[in-house]
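Below sits a lone chain in structure tokens, taken as the form predicted alone.
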């Protein structure tokens, strides 16, 4: 497969193998947003033995290279127009999240994807993490019984952030950029359906007092009277062991399960247990298998739209101060 990379602002580097793979042909790279710098990604590809052509215009790249797969990784609030162009070029698309910054964009993507008929997924990387995948499997096996309540946490160190994150139009918002992972865990591990959301957020301590929002909280009502909460912040202390402090607690009728510090804890009728993690898996390899028609992707296109819609509605709830129902 001929692969192109559009942008280098997120986690696109996860798609580049640790060592050169002759089966993967990274033919070209181009920025996807105005002012975006892709030099670091070019150096990474060169270090791995790839020699992609470098374009200043990704549309020209799509026309000339006619790639099979496009990795979309430009500024977080500007993914949708690039994905639309990639669909128009007939590409399978693996995109950084969120795939859209507005509901209108999401609807346009849905129409374009239906028309393109190509593979589509996004970088919900935790589905390939061994601890989170073990937790999901335990829930499927009935280890906690019927799920009733979920509490998720996403916490990052602020560190040094690029300028485009100080503007909502190019950043997209903290809930759809950071919080969307937690929204995905809630959907994935509950097996449920979102019904309504209320949310709050604050940009206090942000460099310009506007964006990025440094703290946020969302509360979801789900079907069958399930409930879920999600907290998001950029205030993980510099002294913390890792960049992220990511957790989920799932409460069921027969037990409680928690993922914390990349470790699973399960408490049920068999006592306190710490099941071993499953192996971490390769997100891009999974997507390429799906694009080649060799089975479903762990993150389906349908789930991309469901989770993105939920994150965007949570962002709207935080912006408006309203409770937003999903059936509107």
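Numbering follows the first chain given and starts at 1. Just so we're clear, the structure is a prediction, and the values are computed from it rather than from any experiment.
Same protein, other form: the form predicted in complex with another copy of the chain, not shown, and the subject of what follows.
Checking 129, 105, 211, 231 against another copy of the chain in the predicted complex, a heavy atom within 4.5 Å turns up for just one residue: 231.
Proximity to another copy of the chain in the predicted complex, taken as a non-hydrogen atom within 4.5 angstroms, holds for one residue of 66, 46, 59, 260, which is 260.
Contact annotation for residue 279: none of its heavy atoms lies within 4.5 Å of another copy of the chain in the predicted complex. Interface residue remark: residue 225 is counted as part of the site for another copy of the chain in the predicted complex, having a heavy atom within 4.5 Å. Interface residue remark: residue 237 is counted as part of the site for another copy of the chain in the predicted complex, having a heavy atom within 4.5 Å.
Among residues of the shown chain, residue 53 is not one whose heavy atoms approach another copy of the chain to within 4.5 Å in the predicted complex. Remark: of stretches 121 to 129, 160 to 168, 71 to 79, 201 to 209, the one touching another copy of the chain in the predicted complex is 201 to 209 (heavy atom within 4.5 Å). For a residue to qualify, one of its non-hydrogen atoms must sit within 4.5 Å of another copy of the chain in the predicted complex; all three of 155, 215 and 252 qualify. For the partner-free chain shown, 148, 149, 151, 153, 155 of 132 to 164 come within 4.5 angstroms of another copy of the chain in the predicted complex, judged by any non-hydrogen atom.
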